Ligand code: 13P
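Below sits a lone chain in structure tokens, taken as the form predicted alone.
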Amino acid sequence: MIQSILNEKSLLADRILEVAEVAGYLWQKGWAERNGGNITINLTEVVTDKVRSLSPLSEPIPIGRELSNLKDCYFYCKGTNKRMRDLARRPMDHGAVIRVLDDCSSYVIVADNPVQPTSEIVPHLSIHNYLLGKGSSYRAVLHTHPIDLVAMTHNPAFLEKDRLTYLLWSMIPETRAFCPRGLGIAPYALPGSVELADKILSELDEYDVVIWEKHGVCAVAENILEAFDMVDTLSKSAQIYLTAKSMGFEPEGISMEKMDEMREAFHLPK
């Protein structure tokens, strides 16, 4: 019988259980249809000696590009074709811990089961590589499908730079406070492709949350709960906007003057 790494009381186990918690939230909100959405977290700083000593459960698997900052890094990844609702109950049956090999272009699965990671492993690991390269403390990458936010990307007007940022900021003060860098836009690209990865990376200098046109949202943060909170806040603003529109009027929104006042009061970035 396989002894789960979650049986060991450790920060590593805590981080994976946080992923399970968020996976449950995503399913409850309707943002994770069937196997929709993905989560990866960088565990390198909390990996235990027990995990480091584990023999690989797979042959080396190519990533599809070289990621020089990920040598000997460990990640928990949701499994491909796995459902968030199942991951919430049994995270090590529906996800796996992987280690990036010394060539920085392949990985092996090390725990608990040989669950193949998400089909969007290239964008996810590319983001982690970027974050480590710039010295960021962010260790979590969340991709999910909020209905309201994705719907708004079907309007070309909302794809203009920072149009959605200012609109969503203006719906409720918390959005400006909790998503101070706003919302980037990544034009449509094939899910899981190198092209998609590069389009996301081009936005991360300015934004912590990037919406993938007609697809979903990607958020990066120090931990998975913070990543979820940003998307949840943006979704609330989108719901306020769409509810007002469904009532037959254009919501007035908070003025730029009042948003600037709040930015200065709470020392938020411009």
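Because the structure is a prediction, the values reported are computed rather than measured. In this text, residue numbers run from 1 along the sequence as written.
Note that the form predicted together with this ligand isn't included here; everything after this is about it.
Shown without its partner, this chain lists His145, Lys199, Arg139, Arg99 as candidates; in the predicted complex, only His145 has a non-hydrogen atom within 4.5 angstroms of this ligand.
The closest non-hydrogen atom of Pro91 lies beyond 4.5 Å of this ligand in the predicted complex. Looking at Lys236, you'd find every heavy atom of it more than 4.5 angstroms from this ligand in the predicted complex.
Contact annotation for Asn35: at least one heavy atom lies within 4.5 Å of this ligand in the predicted complex.
Although the partner is absent here, His128 is not a contact residue: none of its heavy atoms lies within 4.5 angstroms of this ligand in the predicted complex.
Only one of 178 to 186, 150 to 158, 116 to 124, 99 to 107 places residue heavy atoms within 4.5 angstroms of this ligand in the predicted complex, namely 116 to 124. Residues of 70 to 98 placing a heavy atom within 4.5 Å of this ligand in the predicted complex, in sequence order: Lys78, Gly79, Thr80, Asn81, Lys82.
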